[in-house]
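To begin, one chain is listed below as structure tokens, in the form predicted alone.
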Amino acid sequence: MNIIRKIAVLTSGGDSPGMNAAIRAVVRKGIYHKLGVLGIQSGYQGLLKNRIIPLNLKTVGGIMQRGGTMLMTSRSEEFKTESGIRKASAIIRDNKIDALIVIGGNGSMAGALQLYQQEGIPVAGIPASIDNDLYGTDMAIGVDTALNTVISTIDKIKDTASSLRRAFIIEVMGRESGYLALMGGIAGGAETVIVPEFPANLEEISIKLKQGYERGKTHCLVIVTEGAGNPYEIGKYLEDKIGFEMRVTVLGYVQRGGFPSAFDRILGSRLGSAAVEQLLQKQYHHMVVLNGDKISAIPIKEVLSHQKPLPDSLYRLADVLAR
């Protein structure tokens, strides 16, 4: 039977605003339960290089309002191999770490599950991804801040679009998840949202945009998820159809940065605390999640076995409101 005396925490994959709040909560909750707490720098790659530091109340003081992650993050190809997993496990045991808390997205959760299944390392996962594509949780850390960044940009571009009577395409992050684009489109009043989950008919979109201009609209905004098509090719097609110049703005990594919102600070704090509780309750392979206003946990295997759907009701709503 595992007895948890010392835990470690790492952040992996893409950074998300609010990760520091989660780290802080892990450390403070761990110390409250008289646990030793270590931090692993630069994710799984840092683990393989034994980049492990002690964490205490002082080291996590003043980090909650900072974007990014004070532990730094990276991606590791070596960790994805069987030899990498064995090496990581040996380093964990050499440092007398009894359990590992992983903060990150789907790839990070997959790594945590491998450590548990192949090496028996107790793990707990905390969802952190601006894509909001982790199954089982309503929201992941960083989504709210990233969405507010998207909306702020949409508002600014809309001012220019109205002044110059131009059409703009804004590409947001998301890969295979259209959450940021859809919610940004609804909140920002975009004319059209193009996301991977729902096939786009560019001919129909061009007709809708042209009808809007004929009704006297002074601007046109199209929000595109990076995984849903090339924004420049989409812009050229629509430009030829509607007769207006289409300008493209790619938001890129600005969406990952910035001070975390109050929501992300609170969510990170709640999830970080809950992850420590999961380990103390001997739930050794679960990810803590937000469902409604409650924090619970589901097996990481279940998280990785499903894709998170984008509600078609919200997609239809975006279409109705844009008409």
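From a predicted model like this one, the values you see are computed outputs, not experimental measurements. Throughout, we count residues from 1 along the sequence that is shown.
Beyond the structure shown, there is the form predicted in complex with 6-O-phosphono-beta-D-fructofuranose (F6P), which is absent from this document and is the topic of what follows.
*Asks:* Please pick out the stretch from 43 to 51, 272 to 280, 253 to 261, 285 to 293 that is in contact with 6-O-phosphono-beta-D-fructofuranose (F6P) in the predicted complex, where contact means heavy atoms within 4.5 Å.
*Replies:* Comparing against 6-O-phosphono-beta-D-fructofuranose (F6P) in the predicted complex, the contact stretch is 253 to 261.
*Asks:* Pick from K217, K210, R247, R75: which has a non-hydrogen atom within 4.5 Å of 6-O-phosphono-beta-D-fructofuranose (F6P) in the predicted complex?
*Replies:* Partner contact (heavy atom, 4.5 Å) among the options: R75.
*Asks:* Go through T137, T145, S108, S129 and name the one with a heavy atom inside 4.5 Å of 6-O-phosphono-beta-D-fructofuranose (F6P) in the predicted complex.
*Replies:* By the 4.5 Å heavy-atom cutoff, the listed residue in contact is S129.
*Asks:* If we define contact as a non-hydrogen atom of the residue within 4.5 angstroms of the partner, is K87 a contact of 6-O-phosphono-beta-D-fructofuranose (F6P) in the predicted complex?
*Replies:* Taking the distances in the predicted complex, the answer for K87 is no, it never comes within 4.5 Å of 6-O-phosphono-beta-D-fructofuranose (F6P).
*Asks:* So in the predicted complex, does any heavy atom of E226 sit within 4.5 Å of 6-O-phosphono-beta-D-fructofuranose (F6P)?
*Replies:* Yes.
*Asks:* Even though 6-O-phosphono-beta-D-fructofuranose (F6P) is not shown here, does M183 get within 4.5 Å of it in the predicted complex, heavy atoms only?
*Replies:* Flag for M183 set to no.
*Asks:* Looking at the partner-bound form in the predicted complex, is R175 within 4.5 Å of 6-O-phosphono-beta-D-fructofuranose (F6P) by any heavy atom?
*Replies:* Looking in the predicted complex, residue contacts with 6-O-phosphono-beta-D-fructofuranose (F6P) include R175, since a heavy atom lies within 4.5 Å.
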